[in-house]
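To begin, one chain is listed below as structure tokens, in the form predicted alone.
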Amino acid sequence: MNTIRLNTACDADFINQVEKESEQDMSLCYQCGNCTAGCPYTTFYDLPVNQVMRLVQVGQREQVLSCKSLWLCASCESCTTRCPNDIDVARIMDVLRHMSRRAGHATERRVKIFWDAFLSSVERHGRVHEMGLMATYMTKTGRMFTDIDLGMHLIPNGKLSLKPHTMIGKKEVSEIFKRFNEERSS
């Protein structure tokens, strides 16, 4: 178990940034632990969700942004559903993941590669193209033949398309990514 020192300098700018980006009031969290109790991945986390929340409350930027819990969060929203103060904990975790990326902390390499491949696919096609996502992920991680036997069953049954599906609204999705990239670069 890691000891977390709360007597180190508090980064008030970090707290304000998390609150602004998530539109959540961090002071509402009183550490009931319901978020952690409901989290299906908590056994894999280095910091349980309630500890992440507490570290944000006390402004521990580096400790939070470098934890692997952010990258293992499935955004299932169990934490949000269980919060007695209606804090959108999953949204805070998502904001922290984005902040972690911007700060150059990617503790779970394969998860980050999957995330990048997923977002890239959605940006290009308006929705995820599973075959392209798998090809990108396998190429970048070196896991070329992982689950190939499963793919062989999915393709003939029409569950895995070799080419991207067409969709209505592809241009609008592309515009979302364009605005995001413009805001990020300014």
Partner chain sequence: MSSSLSYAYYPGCSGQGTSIEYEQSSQAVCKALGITLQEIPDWSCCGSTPAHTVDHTLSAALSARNLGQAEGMIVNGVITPCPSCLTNLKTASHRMKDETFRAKTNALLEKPVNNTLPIMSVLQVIYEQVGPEKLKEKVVRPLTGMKLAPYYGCIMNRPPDVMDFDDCENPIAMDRLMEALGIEITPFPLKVECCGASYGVARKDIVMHLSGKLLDAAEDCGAEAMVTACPLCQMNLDLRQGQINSANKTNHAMPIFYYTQLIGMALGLDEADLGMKKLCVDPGKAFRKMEARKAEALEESVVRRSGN
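What you see is a predicted model; the values in this text were computed from it and never measured. Definition used throughout: the rigid core is the maximal C-alpha set that superposes within 1.5 Å between two forms. Numbering follows the first chain given and starts at 1.
Beyond the structure shown, there is the form predicted together with its partner chain, which is absent from this document and is the topic of what follows.
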Are any of the heavy atoms in I176 no more than 4.5 Å from a heavy atom of its partner chain in the predicted bound form?
yes
Non-hydrogen atom contact V128 with its partner chain in the predicted bound form at 4.5 angstroms:
yes
Its partner chain contact in the predicted bound form: T139, any heavy atom under 4.5 Å:
no
Determine whether any heavy atom of E62 comes within 4.5 Å of a heavy atom of its partner chain in the predicted bound form, and answer yes or no.
no
Considering only 113-128, what residues come within 4.5 Å of its partner chain in the predicted bound form, judged by heavy atoms?
F114, W115, F118, L119, V122, G126, R127, V128
Using a rigid core superposition, assess whether S174 undergoes a CA shift of 2 Å or more between this form and the one not shown.
yes
Align both forms on the core first, then report whether K159 has a C-alpha shift of 2 Å or more between this form and the one not shown.
yes
